[in-house]
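What follows is a single chain, given as structure tokens, in the form predicted alone.
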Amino acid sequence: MRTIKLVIGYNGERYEGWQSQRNSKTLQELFEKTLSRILKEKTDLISASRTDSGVHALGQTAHFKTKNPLPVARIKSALNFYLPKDVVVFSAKEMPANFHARYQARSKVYHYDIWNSPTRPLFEAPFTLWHPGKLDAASMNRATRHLKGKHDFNAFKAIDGETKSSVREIKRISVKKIKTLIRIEIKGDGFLKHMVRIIAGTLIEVGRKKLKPQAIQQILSSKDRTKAGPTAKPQGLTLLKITY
């Protein structure tokens, strides 16, 4: 059996997230059907991140196993031929047999984009959250210092997010403003369900002056989801990179 690693990008607008689910259009299902068509065998694809409905990716990583001897360059070109225009395979590489896209991932990088202007975005609309009210990006960036490091992020996970531990490490986080675009970029060893979107929603509350930057410490200590801000909408979120 061969182990093949794919690096994938997609516009998540039309999909109900990555993970296959009954009666829903998902990216995992799309890829597995396309791979089976190319390789003439049933193929299970395992991703590093199970992105939510509407979330985008520029660096999703996944792997599958196959008995088919088709060269990886041909697999890549065939996938890009059959896949719809809002999905692309950037690379395909044969890996050691024990490679696992999810379990061996060391960190993930996301950004969350906010279009901060009274005028709604045009071309950027599918990939940004439009927030017409003024946001204080400097205060948002000051708030991020309290999120860096290893913490219990129970207050920043979905209520239905089941996990053995809510302790995660944020290795890097920043808020930068370029004209009308405010970008939150975050790198961590892993993320809880909706964690990045809840962090984005909470930082937006700081930008709106509804929360002070130092309130992040109290929210973390509380471990109470109701103390954090709302879950920001999915379209502003893009998975940039998985590192191994």
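One-based numbering along the sequence shown. Because the structure is a prediction, the values reported are computed rather than measured.
From this point on, the text means the form predicted in complex with another copy of the chain, which you will not see here.
A residue is said to contact a partner when one of its heavy atoms sits within 4.5 Å of a partner heavy atom; G9 meets this definition for another copy of the chain in the predicted complex. In the predicted complex, none of the heavy atoms of I199 sits within 4.5 Å of a heavy atom of another copy of the chain. Using a 4.5 angstroms threshold between heavy atoms, R120 counts as touching another copy of the chain in the predicted complex.
Although the partner is absent here, V88 lies within 4.5 Å of another copy of the chain in the predicted complex, judged by heavy atoms. Using a 4.5 angstroms heavy atom cutoff to another copy of the chain in the predicted complex, all of L58, P84 and F127 count as contacting. Exactly one listed residue, out of S139, N80, S166, S107, brings a non-hydrogen atom to within 4.5 Å of another copy of the chain in the predicted complex: N80. Checked against another copy of the chain in the predicted complex, the residues H100, K76, R145, K171 give one hit for a heavy atom within 4.5 Å, which is K76. Only one segment in the set 131-139, 146-154, 67-75, 88-96 has any non-hydrogen atom within 4.5 angstroms of another copy of the chain in the predicted complex, and it is 88-96. Taking another copy of the chain as positioned in the predicted complex, the only residue of 223-244 that brings a heavy atom within 4.5 Å of it is T238.
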